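Considered here are two forms of the same protein chain, supplied as structure tokens in two stand-alone entries, structure 1 and structure 2.
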Structure 1
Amino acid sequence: MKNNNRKHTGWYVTFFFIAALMAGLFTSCEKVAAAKENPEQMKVFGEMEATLTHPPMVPRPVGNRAPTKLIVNMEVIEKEMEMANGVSYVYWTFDGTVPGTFIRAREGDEIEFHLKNHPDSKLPHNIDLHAVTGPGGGAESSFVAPGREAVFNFKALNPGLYVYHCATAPVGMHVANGMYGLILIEPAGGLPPVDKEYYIMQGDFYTEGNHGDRGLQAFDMQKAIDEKPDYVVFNGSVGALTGDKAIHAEVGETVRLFVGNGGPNLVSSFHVIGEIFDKVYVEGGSQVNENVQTTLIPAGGSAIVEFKVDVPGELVLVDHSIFRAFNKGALGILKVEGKENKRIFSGKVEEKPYNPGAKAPIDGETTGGAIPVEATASTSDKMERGKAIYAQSCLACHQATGSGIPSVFPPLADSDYLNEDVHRAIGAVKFGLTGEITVNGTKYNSVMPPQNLTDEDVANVMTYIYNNWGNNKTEVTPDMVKEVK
């Protein structure tokens, strides 16, 4: 009996030891989970320097790493750069670009921020990060004169996509000169993986000269106060996301855009022509909306948009306050390459005459063999048809007078580019045109998508253009259009 009791006693001791061990383990797991939910309780492991990237690129995702001490080094640089073709401006920048470099961190990170003001700067500057919980978002602690460096610390408590900007008086002027950017605080565990990520930020600019006036332009305070910008652009300048600077994706890939609005004044109606946002992280926060066409981004705000690209082509990024896109510069291109999917998008499959005033044939009645309209159309008929096509397809970019938009879209009026080579001009209409061209001595670097017109309509619209605005009166025929391959 004694031996039996000893066996039972030993078994009970072992059982209670294992139970206590499991309870301790469970409590430990609860503490870890609680720490993940409350970044203030998170232990910081190690130290690393943040990788900062210039737009439109972003640093690698944070992933599932633990919170760390993150060292951020950023420099204020005042520098002259191109705002539009032939137009320059003295920007005030974070790290030499507008917007400034992209900062990527994780909730729970302890961030040691070093703000350096280049010795050649003329003014003191600072930084207000909307991701900071503390006075001025760090502005008071980071105020720094030229040739000096300021250091402050903060803990990233809330996940989200946040704007940073200069907050030195006059604040509006510093922001209007380009001093803004984005800082992403990823949640614990990171964001879901995607194939491509890009960084885009809108801003409105106010110059003493009018839109397109050449040379070095100064900031115009009165225009800024009146909220009447000469330029509204993505990533600091007209054409920053077009031509060879366009962003890219492949059919079937998922794309995530980190979109900010530096302002200083205008609200952005961000839209991608030819896409629907599968997900929108509203105002850069945790709430997710789905199947969105256009999302509002306030001045000093942001949004994260995600979508899958299903068909090839050039998707146009715009502020859908549409004159800003086609007349002031808020336009970019996402080039999608890959296999077509006609079930999703066919392109034009047919075009035929439409005449609502014509008498419909009675059953059994023949028209006697209709002659194609184009075969008998007079030059004036072709001009009338060409004028209608121009108004529908060309006018927004090239204007009613063929003058184009200075620094953005070239003129068609008295155009040496058109008059020197009609076949080259036909090719631009049929197949589109990307990259730098020179028209009447001025360089343009924009994107013209293919127009998806029939050969007859290409001939009509080009005949209209060639016979207007001082051009050489060429009459383009469908056969000429067919020859261009």
Structure 2
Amino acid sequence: MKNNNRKHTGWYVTFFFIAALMAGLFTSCEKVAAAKENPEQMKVFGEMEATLTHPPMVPRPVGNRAPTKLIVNMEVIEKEMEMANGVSYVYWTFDGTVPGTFIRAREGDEIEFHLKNHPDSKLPHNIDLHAVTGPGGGAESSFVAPGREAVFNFKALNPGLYVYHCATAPVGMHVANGMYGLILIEPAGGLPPVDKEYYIMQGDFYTEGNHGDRGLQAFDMQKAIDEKPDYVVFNGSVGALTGDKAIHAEVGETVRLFVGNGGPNLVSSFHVIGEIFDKVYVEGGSQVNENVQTTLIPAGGSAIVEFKVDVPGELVLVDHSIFRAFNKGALGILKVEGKENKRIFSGKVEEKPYNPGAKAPIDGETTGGAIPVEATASTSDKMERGKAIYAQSCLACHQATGSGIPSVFPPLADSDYLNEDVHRAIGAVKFGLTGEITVNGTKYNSVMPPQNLTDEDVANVMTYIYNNWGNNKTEVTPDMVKEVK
């Protein structure tokens, strides 16, 4: 093309200019492509400030932009925040949240990292980014006292999802107080597009009081050394991803979760109840596994999981070391809205008696019209049956005497919530319950899963509860249960 231009000497200047531009573009494209094999050689174009986001949101994808000089500004803030209902904790944070803000960059970017430490901080801090190739992941270079700012540069050589964390001594304590987050280095051309992306990070916390003990809780070093956390949570606190803080998607959408584990101690068995991961970028790297139920996320590690949501409902995010989910807080909700698809999931289509000991009834033997069982069941039968259902379905959470567990599971014994409104209580048992409620003056903001009982059994178990433990002796009938929609 250049040769061609040279023949038309009258247009020489213009053509030369255009040709030079195109040649420039062409070689820059070549460099981008060639850089795949040689990321250190990747040239950067221009300069921009990174947009950082608080969890559970993530910044916009890099798309097909060229590598650039990316300026990251982050601030260390020590502040008191809520860990659970009525429980607070002095967290040490990157940008004021746990986990810290999400950084999204591209392979080949040259990152100019500014770490500021708020003047009100009591301690110096630093940052070790696992995306850094260099001593300490930047820890020494970023070490910064309160009221000061440290700057260092690094080139993002490897694509992947990386943890960053504070590495100031005692390191374990800085991490245990919430000093971690994620940095995503996208490959050239970016990750394939999806409909929804979210940022979730697990962490374990060690408080002087036990789980649920109210008030400001101090860090407990001995429990941390013993690896016996009182709280295991997503995004820094119990309920950070439930109730009106649940994350959302619509039927038919593809969802990508960037999941990290700050630790400091526990490994996460990350699972979404009611979904299968179509893809997992194992350990946040480039290897993709498919059709995975539960993926292991090491402390100081990550995974990217992707799935398409096909039916509506509440998907429950858990650490499948399951006591952590239902007793220590590692539980979140992804609410999927849209049209049902009965072929993919029908819901319960039938429920009938199963009694292997009994004689099979002979057809036509029940003359005079089949009498519904509940019409003949005496109150003592109902209480008997209700007691059995309670033991099987409710006791694990609400406890044998209906006492519940403070701050985790509300009491059913002498419960004002229960006695005030029978229809509301039926609704809780029939459809499950999320969001904040107050029982006997104490706030709960957790999740009770739907119980999948027949209307008759809901009536039985509720009659049992209402006629025990100081409740108001309401008799609940299957018809009352049927009416609650």
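Numbering runs along the sequence of structure 1, starting at 1. We call the rigid core whatever largest set of C-alpha positions still superposes within 1.5 Å between the two forms. Here the structure is a predicted model, which is why all the values come from computation and not from measurement.
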query: Matching structure (the form predicted alone), either 1 or 2; finding: 1
query: Displaced residue check between the two structures: Val422, CA, 2 Å or over, core reference; finding: no
query: C-alpha of Met448 off by 2 Å or more between the two structures on rigid core; finding: yes
query: Rigid-core frame, C-alpha of Ile344, shift of 2 angstroms or more between the two structures; finding: no
query: Rigid core fit between the two structures: Cα deviation of Phe431 in angstrom; finding: 3.2
query: Rigid core fit between the two structures: Cα deviation of Ala391 in angstrom; finding: 4.0
